[in-house]
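Only one chain is shown below, in C-alpha cells, and it's the form predicted on its own.
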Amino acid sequence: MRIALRNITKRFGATLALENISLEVSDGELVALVGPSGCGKTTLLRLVAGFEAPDFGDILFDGRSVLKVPPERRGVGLVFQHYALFPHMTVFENVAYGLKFTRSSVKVEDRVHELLELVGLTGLERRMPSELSAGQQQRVALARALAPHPKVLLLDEPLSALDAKLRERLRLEIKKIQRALKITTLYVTHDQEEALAVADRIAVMSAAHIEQIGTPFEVYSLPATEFVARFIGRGNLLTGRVVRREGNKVTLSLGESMFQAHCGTQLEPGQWVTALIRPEKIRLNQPAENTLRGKIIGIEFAGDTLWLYVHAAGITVVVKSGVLDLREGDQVQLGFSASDLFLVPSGRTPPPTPSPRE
C-alpha cells in the first residue's frame, strides 16, 4: 500500500497543527515521524487513520482518496503508546478481537496462534494483561493490530512507556516483524535515536512543518536545516564568518580561531555560516587540518567511550572519545578535517563575541 499526503493543513481552533504537509510512503516502507512534543506528528497519524479530517489537502492510499472512508474501512492497524488492551480479556481474546471487524476466511484460532508465534508469545494465550510484563503487553497490542491483515500499520510512540533496555530490544523486533510482513508503516516517536534505528526514511517535524525527509544517514550527516542538525543526534554547531573561498573550500573564523570546511554552495567573504561537526569526528591531540585548543569541563562515562565537554573558542564542544584516562581540567587539542565539517543552512544573525578562553 502506498500512502500519499498532499498539502495537508489542520487547525484546532486558533492552533495550527499541520501546515501544507506533503509526504509519500512507498509500499512496504517504514517512515518515522520524529520531532518534539507538539510538532504535529500524532495529528498526522490520526489523519491517516481517519480519526481526524484535514481542513485542506488530500490523503491517498494507492492513488485513491480515503477522506470519505471511515477508519474501520481503511485497512489500518494502530498501536498506541499505552497498549489499550482489554483488561478483562486473555491474550488470546485480545488478539482475536482484532478479527471481529474483518471478513477473512482464516480461522480465528489459527490466525491468533500465527501472530503470537510471530511476536514471541506462544504459550501465553490464557494469560491476562495484568500477568504480563510491559514488553509482553506491547507485543500483544502489536499482534492485535496485525490480526485483520491491515495494509497500513500506524505506531504512535509504541515504546515510550518502556525502560531503555527493553526499548532497544523491542525496536529491533518491531523492525524485524515489519520487514517480514512488508507492511507499509508510519512510526511516530519523539526519540531521534529510535527513529534512526528503525526507519527506512525519517520525516523530521517542527512546529507543524516537515523540516527534512531522508534516510537516517541523510538526516544525521546532511541535515537540511539548523533545527535538524540540533535535533538529530549529538552535534556541535560552530558559527563563523567566511574569510575567503578557494574552489569548494572556505576558510571560516570563529573568534580568534580559523578553520576550513568543504562547501558546495556559493559563499562570499563576510557571510556568517553555521558548520556541523559530529562528536565522533573529532580527534584528540592528533595532527589535523583544523585544530582548537580547550579544557575539559565535563565528562560522561559510557562504558568503552567517554563523552567529553570541552570549552574551546568560547563555546562548549562535545567529543566522543575512546581515551578513558582523561580528567576534568585537562588541556586538550581538538582536531578535525575540512571534509568532516558540514555547512548547515542558517538564518541566524552573527553571534556575540566569544567569551575569553578558560
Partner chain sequence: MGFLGRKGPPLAYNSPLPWPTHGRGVQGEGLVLLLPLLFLIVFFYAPLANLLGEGLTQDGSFSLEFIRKILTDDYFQYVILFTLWQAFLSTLASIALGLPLAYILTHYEFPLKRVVRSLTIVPFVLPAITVALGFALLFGRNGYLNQFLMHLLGLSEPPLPIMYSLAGIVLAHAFYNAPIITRTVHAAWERLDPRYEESARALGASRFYVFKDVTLPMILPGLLSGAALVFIFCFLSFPIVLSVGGGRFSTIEVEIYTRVVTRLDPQFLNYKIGAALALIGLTLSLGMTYIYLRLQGSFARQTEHLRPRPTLPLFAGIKDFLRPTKLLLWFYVLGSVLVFIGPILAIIADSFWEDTPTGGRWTLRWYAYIFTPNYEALLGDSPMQAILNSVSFGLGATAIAVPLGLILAYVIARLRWAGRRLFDTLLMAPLATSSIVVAFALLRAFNAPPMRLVGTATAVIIAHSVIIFPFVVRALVPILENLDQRLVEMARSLGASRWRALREIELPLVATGLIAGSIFAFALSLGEMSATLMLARPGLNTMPVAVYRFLSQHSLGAPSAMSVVMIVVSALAFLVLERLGEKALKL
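Numbering follows the first chain given and starts at 1. The term rigid core refers to the maximal set of C-alpha atoms that superpose within 1.5 Å between the two forms. Keep in mind that what you see is a predicted model, and the values were worked out from it rather than measured.
Beyond what is shown, the protein has a form predicted together with its partner chain; the following relates to that form.
Of the heavy atoms in F217, none are within 4.5 Å of its partner chain in the predicted complex. A residue is said to contact a partner when one of its heavy atoms sits within 4.5 Å of a partner heavy atom; L222 fails this definition for its partner chain in the predicted complex, lying far away.
Not displayed here, its partner chain is kept clear of R179 by more than 4.5 Å at the level of heavy atoms in the predicted complex. At least one heavy atom of A84 is located within 4.5 Å of its partner chain in the predicted complex. Across the options 42-50, 311-319, 56-64, 297-305, residues that bring heavy atoms within 4.5 Å of its partner chain in the predicted complex belong to 42-50. For the residues L78, C263, L159, I277, the 4.5 Å heavy atom test against its partner chain in the predicted complex is passed only by L78. Checked against its partner chain in the predicted complex, the residues A203, V112, I282, A145 give one hit for a heavy atom within 4.5 Å, which is A145. In the predicted complex, no residue of 199-231 lies within 4.5 Å of its partner chain by any heavy atom. Once the rigid core is overlaid between the shown form and the other one, M128 counts among the residues whose Cα shifts by 2 Å or more.
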